[in-house]
Structures are given as structure tokens and as C-alpha cells.
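Just the one chain here, laid out as C-alpha cells, in the form predicted alone.
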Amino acid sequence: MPQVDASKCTLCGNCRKVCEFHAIAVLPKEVMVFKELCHGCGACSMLCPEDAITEVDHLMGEVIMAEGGVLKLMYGRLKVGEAAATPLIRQVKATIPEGPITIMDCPPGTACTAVESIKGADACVLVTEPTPFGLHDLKLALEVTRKLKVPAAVFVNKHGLPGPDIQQFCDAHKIPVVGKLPIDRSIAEAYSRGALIAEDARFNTTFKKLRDWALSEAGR
């Protein structure tokens, strides 16, 4: 989080101008920092002409690790009252050990949390469904992956619902569709029992295709 040294600050307002999240207010006699709005991007400290802004640690959550067999799970848990999860996501990514294949589960949409999760990835699977909302969000997510230069493919959930033709959209934009999971009551029933659909023999080929695409993009 930014900390302003009042003895160096000239109240020039550069920090306020570069802050995309309106977390800084420059008043006639002081600079106020709203920590609840700050995303920790560092722009204010980098562009302060007087070096009056430094970054100090602010405890906003914790990184939690768990193990089960050959798998390790890592996730961040925000403290109650904290609004910006982006710095915590960066810390989770920084804690990932080198070497193993890492699957990151992103939040939906194209907010800062999703963008931070996608940054630096070898590949990104965009999960969508054949609804107007699904197609709308897919278009936005595709734009994000292209700006970040991360290869993307589409996985269609609830395939069979009446709605937009996701395959047609993907063909037109030259995006590979690496799997389609049908709208099927038995899938919902399996989830309610705690079963994993990936272990269902009916869908082995679907998930293997997804896996093979991701591994090939990662160079594995």
C-alpha cells in the first residue's frame, strides 16, 4: 500500500492522476490514501517526481496450502472487510513452486482478479454456455486473452441448451473448441453425490481432449 511522506510531497497531484482506482485524493494540505480502493499496482510510487511515496506491507489475507495424494491445493483467503483481491492473487502465484503443472481456477468475468490470474499463463480455457450472457462474456474474455497474448480455447458447458451457436462463433474467430459437456440431469445428480464428472467413462474423451490441448500449449 502507498505511504506518503508529507515532508517530500509537493501536492502536485501526479499520484491522483495515474491512479485508475481513485484510491488517492490530493487535498490543499495533504494527500489521502483510501486503502479499501487500492489495488497495489504501484503506479503512484513509480511516477511520483519527488519520491514521496513508498510502499508498505498491509496484511489483507493469507495463502493457504493443502495436500491430497499427488495434488497440492493453494488458495488465498481475504480478511473480512478487504475489497481488493488482486494483490492476494499475485502472492498466491508467487508461492507456486517451480516445475509441476499448475491449474489456476479463475473467477468469472473480466475484472482485475481474472486478468491477474491469466497473466503469465501458458494457456487459458474459457468456459462458457450457449446463452446470450455466456456468449457476451466469452467475447470479453477472449479480448482479454488476446491482449495478454495468452493462447485460448473454449469449453462449452450445458451444451444442448437452446441459444447462440457457440461453435459457429468460435469457428468464425478461429478459436479451438476443446470440449462440450451436455446439459444432462445425471451430471447434476453425480455432483450432488460428490462424484467427479471427469471420472465418468462417458466423458473421458471430452476431458482428455481438453488436457491434451493444454499440455501442448504449455510445451509438455
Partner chain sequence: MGKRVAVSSTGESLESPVDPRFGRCSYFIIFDENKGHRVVRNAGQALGNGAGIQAAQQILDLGVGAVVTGDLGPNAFRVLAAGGVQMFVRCTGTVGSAIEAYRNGELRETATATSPGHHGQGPHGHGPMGR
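Residue numbers count along the first chain shown, from 1. Note that this is a predicted model, so its numbers are computed, not measured.
Beyond the structure shown, there is the form predicted in complex with its partner chain, which is absent from this document and is the topic of what follows.
Student: So in the predicted complex, does any heavy atom of Pro100 sit within 4.5 Å of its partner chain?
Tutor: Close contact is absent here: in the predicted complex, Pro100 is far from its partner chain, nothing within 4.5 Å, heavy atoms only.
Student: Is the gap between Glu129 and its partner chain in the predicted complex 4.5 Å or less for some heavy atom pair?
Tutor: Although its partner chain is absent here, Glu129 would touch it in the predicted complex, with heavy atoms inside 4.5 Å.
Student: Give a yes/no on whether His22 approaches its partner chain to within 4.5 Å in the predicted complex, heavy atoms considered.
Tutor: Result yes; His22 sits at the interface with its partner chain in the predicted complex.
Student: I'd like to check something about Pro108: if you look in the predicted complex, is any of its heavy atoms closer than or equal to 4.5 Å to a heavy atom of its partner chain?
Tutor: It does: once its partner chain is placed as it appears in the predicted complex, Pro108 has a heavy atom within 4.5 Å of it.
Student: If you check Leu47, Val177, Val33, Ile187 against its partner chain in the predicted complex, which one has a heavy atom within 4.5 Å?
Tutor: Of Leu47, Val177, Val33, Ile187, the residue with a heavy atom within 4.5 Å of its partner chain in the predicted complex is Val33.
Student: Give me the residue from Leu37, Leu161, Cys41, Val63 that has a heavy atom within 4.5 Å of its partner chain in the predicted complex.
Tutor: Answer to the contact question: Leu37.
Student: Looking at 55 to 63, 165 to 173, 179 to 187, 152 to 160, which lies within 4.5 angstroms of its partner chain in the predicted complex, counting heavy atoms?
Tutor: The contacting stretch is 152 to 160.
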